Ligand SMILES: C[S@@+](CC[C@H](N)C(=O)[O-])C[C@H]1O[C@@H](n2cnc3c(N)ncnc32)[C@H](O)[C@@H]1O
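Next up is one chain by itself, shown in structure tokens, the form predicted on its own.
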């Protein structure tokens, strides 16, 4: 039998994609803007999801934050992040955890939460995706700020075309999966030539209106919703790049 589908992306990061993301230390423009605008009090506690090698956690520490916790589902990533933390003499606390089960953290613990690099879109089990959103709400303090990032289905004109072809192929092959579950277009910078093949690792692409409504239904209050292009170049305001939702927990 093949491995349960919701483990495939974690395995990619533990093997094929490990070297790149374990050692990635840069911060992208949209992330820097959001942190500067919304994470304004360095005395507050922060949680970073899908930390990889700890790039954002270490960046926050450089900004003066001292109470930082970060988790990743890939044990190998966390082991590497802890090694880096030791070399940097960092106080960031790295833990192995699944975004859909944050039982290692108590209720209402964090003032700031950041879910970067579309980390929740790698959860291929849709029930667990929704559970992960609720877990973020649970560990957020009242008055906290949460920054989520998602893959925006409507930001790429060709997604509906790819989706239509995949839905037809899946139907013919008797496979599961919606038109919003799309295989990786690129893997490690190279075109995924097996895009239309069976048993491909998939990513969940959201619609802006639907994900906004879901977060509101959970209890979050929306502060802003923008794509990376709208954040980085407001004058042009192009809806390109990943989708960012900034929320508060009342």
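Residue numbers count along the first chain shown, from 1. Here the structure is a predicted model, which means the values were calculated and not measured.
One more form of this protein should be noted, the form predicted in complex with this ligand, which is absent from this view; the next part is about it.
Colleague: Could you tell me which stretch in 205-213, 64-72, 221-229, 192-200 has residues with non-hydrogen atoms within 4.5 Å of this ligand in the predicted complex?
Modeller: This holds for exactly one stretch, 64-72.
Colleague: Counting only heavy atoms and a 4.5 Å cut-off, does this ligand in the predicted complex sit next to every one of 151, 166 and 183?
Modeller: None of them does, since no heavy atom lies within 4.5 Å of the partner.
Colleague: Which listed residue (145, 119, 133, 139) meets the criterion of a heavy atom within 4.5 Å of this ligand in the predicted complex?
Modeller: Of the listed residues, the single hit is 119.
Colleague: Find the only residue in 92, 84, 99, 113 having a heavy atom within 4.5 Å of this ligand in the predicted complex.
Modeller: Checked against the cut-off, the match is 99.
Colleague: Taking 4.5 angstroms as the cut-off for heavy atoms, does residue 47 touch this ligand in the predicted complex?
Modeller: No.
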